[in-house]
Ligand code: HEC
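Only one chain is given next, in structure tokens, and it is the form predicted on its own.
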Amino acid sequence: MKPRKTYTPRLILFVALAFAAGPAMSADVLKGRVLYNQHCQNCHGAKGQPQMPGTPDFSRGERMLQADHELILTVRHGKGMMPAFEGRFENEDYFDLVAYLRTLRR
């Protein structure tokens, strides 16, 4: 008689977490565009080209070399003359905004 296979606790935990996680969420670029137009366009320009000196040029892409979480931290906490947006956006909004920023690069 063959021995019966047993499942390790790690495998059971992995399967349980996979089902509990639910579907993956993806960023909404269109919502990010709305947020950008409402909150960012005055300083950063309609197409990511800055309207004020010292403002990053998103169309050139240098700032876009940063990871998403770094960009989100800048939006949340502000930087230089840029105000903090902590409390104004939901968590998903930050990802939507960054997804839109990545479309501005020429």
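Sequential numbering from 1, following the sequence displayed. Just so you know, these numbers come straight off a predicted model, no measurement behind them.
Just so you know, the form predicted in complex with this ligand exists too; it's not on screen, but the next bit is about it.
In the model of the complex, at least one heavy atom of Lys79 sits within 4.5 Å of this ligand. Residue contact check for Ser59: none of its heavy atoms lie within 4.5 Å of this ligand in the model of the complex. Remark: Ala27 does not count among the residues lining this ligand in the model of the complex, judged by a heavy atom distance of 4.5 Å or less.
At the 4.5 Å threshold, heavy atoms of Gln49 stay clear of this ligand in the model of the complex, well away from it. In sequence order, Leu71, Thr74, Val75, Lys79, Gly80, Met81, Met82, Pro83, Phe85, Phe89, Leu97, Leu101 are the residues of 68 to 106 having a heavy atom within 4.5 Å of this ligand in the model of the complex; the partner itself is omitted from this view.
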